[in-house]
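Below you will find one chain, with nothing else, as structure tokens; this is the form predicted on its own, and questions on how it binds or moves follow later.
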Amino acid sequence: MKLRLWLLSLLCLGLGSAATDPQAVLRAIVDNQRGGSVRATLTLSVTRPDRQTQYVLEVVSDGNERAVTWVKAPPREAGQAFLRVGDNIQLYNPTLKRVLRLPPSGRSDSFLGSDLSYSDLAGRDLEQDFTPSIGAETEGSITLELIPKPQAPTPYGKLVLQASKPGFVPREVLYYDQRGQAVRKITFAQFAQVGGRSFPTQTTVEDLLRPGHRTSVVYSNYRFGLAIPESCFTVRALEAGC
């Protein structure tokens, strides 16, 4: 009986530490966003006050540091492809039939004219570039404040990340500029249960400085937990697929 009580005490201590350790909370939130290895179709809708453009993408990811994305539609954009291995991003231009490496200075550039940047595709930037602290916590939710680390390649002065509990399911991220003004908002919805994680299959990005500028990403035909061939994460796969 004493042994059972001791084990129970250790378990409670561990859960309590995870709930109050901002770095562990941030990692759990990011892990929910990644969901593990996946093949999926993405519908990327870019909304502007005077038009809307829709892209169809195919994506393969190992759920960690590597992903490859092919543009399937519209026809004028089809054939473009993007390979990410850690911080290294390469682009395939079908017109030039060339692979170009994205320089670090280009990581904040717009992805396909959307409100997403290439840094957003990398995914791990939140853990690499920001120091988290607990902003607020209730029984059902938690708010993290993320401050850029020195020399972090980010234009933002602060991020505020909201997640629900249990499970640290991401709900919203607010981006603030260096003057403290909210400039960008990302919201997550339509969650799929993947290996005990809640993966958001719908993401919306809003430019708070430009009304009517919005991008949504919707996953479909998704399959998680697949064994992804190593050949998918090569330059050759950008043109030939895998």
Partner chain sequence: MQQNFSGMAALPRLAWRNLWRHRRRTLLLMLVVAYTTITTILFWGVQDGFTQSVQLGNARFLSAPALITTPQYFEDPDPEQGLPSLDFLARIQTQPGVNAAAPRLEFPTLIRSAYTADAAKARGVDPALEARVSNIPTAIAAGRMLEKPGEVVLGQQLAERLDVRLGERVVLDTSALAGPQALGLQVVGLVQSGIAPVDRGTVLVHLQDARLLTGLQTATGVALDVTRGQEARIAEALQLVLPQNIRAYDLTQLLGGLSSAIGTKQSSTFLIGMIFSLFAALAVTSTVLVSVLERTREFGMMGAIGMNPPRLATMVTLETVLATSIGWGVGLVLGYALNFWMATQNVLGPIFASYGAAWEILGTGGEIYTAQSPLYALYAALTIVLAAFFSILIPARRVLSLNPAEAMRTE
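Everything numeric here is computed off the predicted structure, so don't read it as measured data. Residue numbers count along the first chain shown, from 1.
The form predicted in complex with its partner chain exists for this protein as well; it is not shown, and the discussion that follows is about that form.
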Can any non-hydrogen atom of residue 53 be found within 4.5 angstroms of its partner chain in the predicted complex? no
Within a 4.5 Å heavy atom cut-off, is residue 155 in contact with its partner chain in the predicted complex? yes
Quick check on residue 148: any heavy atom within 4.5 Å of its partner chain in the predicted complex? yes
With a 4.5 Å heavy atom cut-off, would you call residue 107 a contact of its partner chain in the predicted complex? yes
With its partner chain left out here, work out from 34-42, 196-204, 179-187, 56-64 which stretch has heavy atoms within 4.5 Å of it in the predicted complex. 179-187
Establish, in the predicted complex, whether 87, 119 and 209 all lie within 4.5 Å of its partner chain, using non-hydrogen atoms for the distance. yes
